[in-house]
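The data below hold one chain only, encoded as structure tokens and taken in the form predicted alone.
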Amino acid sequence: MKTSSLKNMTLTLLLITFVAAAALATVYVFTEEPMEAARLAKINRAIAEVTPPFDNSPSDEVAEVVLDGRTLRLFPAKKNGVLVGIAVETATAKGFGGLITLMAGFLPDGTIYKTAVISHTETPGLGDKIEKSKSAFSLQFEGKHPDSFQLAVRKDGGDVDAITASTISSRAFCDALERAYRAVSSSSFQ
């Protein structure tokens, strides 16, 4: 039986740390690709949800636009080589619960086609009503052009009916959507 010494304890601790790090690195290597594939599939589903039908692979033609220090990704949806829509992955940190990430779809003329919430941490039963499955809030944007439809809640002088008791979440949704429109307007797709 070995006696406990600083040297033995240090070597044992280093061995345990090395084994744990090696195990963690191995798990990361095996899960990195499937996790990226799942993330890409989620993005592709969101693109298909917010744009008219297309036959290209928008995620292969992604363009990036930097606005207000944040990078937005634009995905061109094409049918027979003709642009039918642009999906924009946009986000805002102005939500009540923090970051809200949306996929916003626009027609080539800048009209909002549809929107989809990718992720958020808004309050269940209140702010989570930004999701289509929870309320019709996001439907009021469909078919509207931001040049004539003010992307701000009525309280702030805009045209958007806010979610009752969730004005902050409603404002955040409008902020992300307005940022997406500015990205589309400044892109080479216009």
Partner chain sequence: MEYILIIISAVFVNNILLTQFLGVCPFLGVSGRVSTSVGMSGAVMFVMAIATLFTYLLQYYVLVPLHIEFMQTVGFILVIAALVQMVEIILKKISPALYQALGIFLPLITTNCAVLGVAILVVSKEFTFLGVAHYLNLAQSVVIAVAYAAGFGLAMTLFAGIREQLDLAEVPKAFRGTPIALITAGILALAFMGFAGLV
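The shown structure was predicted, so the numbers you read here are calculated from the model rather than taken from an experiment. Numbering follows the first chain given and starts at 1.
Separately, the form predicted together with its partner chain exists; it is not shown, and the next lines address it.
Novice: Tell me, yes or no, whether Ala93 is in contact with its partner chain in the predicted complex, where a contact means a heavy atom of each within 4.5 Å.
Specialist: Output for Ala93 is yes: heavy atoms within 4.5 Å of its partner chain.
Novice: Is there a heavy atom of Leu99 lying 4.5 Å or less from a heavy atom of its partner chain in the predicted complex?
Specialist: Leu99 belongs to the contact set for its partner chain.
Novice: Indicate whether Arg154 is a 4.5 Å heavy atom neighbour of its partner chain in the predicted complex.
Specialist: No, Arg154 is distant from the partner.
Novice: Can you check whether Lys144 is within 4.5 Å of its partner chain in the predicted complex, heavy atom basis?
Specialist: Although its partner chain is absent here, Lys144 would stay clear of it in the predicted complex, with no heavy atoms inside 4.5 Å.
Novice: So, a 4.5 angstroms cut-off on heavy atom distances: do all three of Lys79, Val82 and Phe149 pass it with respect to its partner chain in the predicted complex?
Specialist: So, no: the whole triplet misses its partner chain.
Novice: For the chain seen here without its partner, which of 22-30, 136-144, 57-65, 157-165 has a heavy atom within 4.5 Å of its partner chain in the predicted complex?
Specialist: After filtering at 4.5 Å, what remains is 22-30.
Novice: Give, in sequence order, every residue of 67-83 that has a heavy atom within 4.5 Å of its partner chain in the predicted complex, or say none if there are no such residues.
Specialist: Heavy-atom contacts to its partner chain in the predicted complex: only Arg70.
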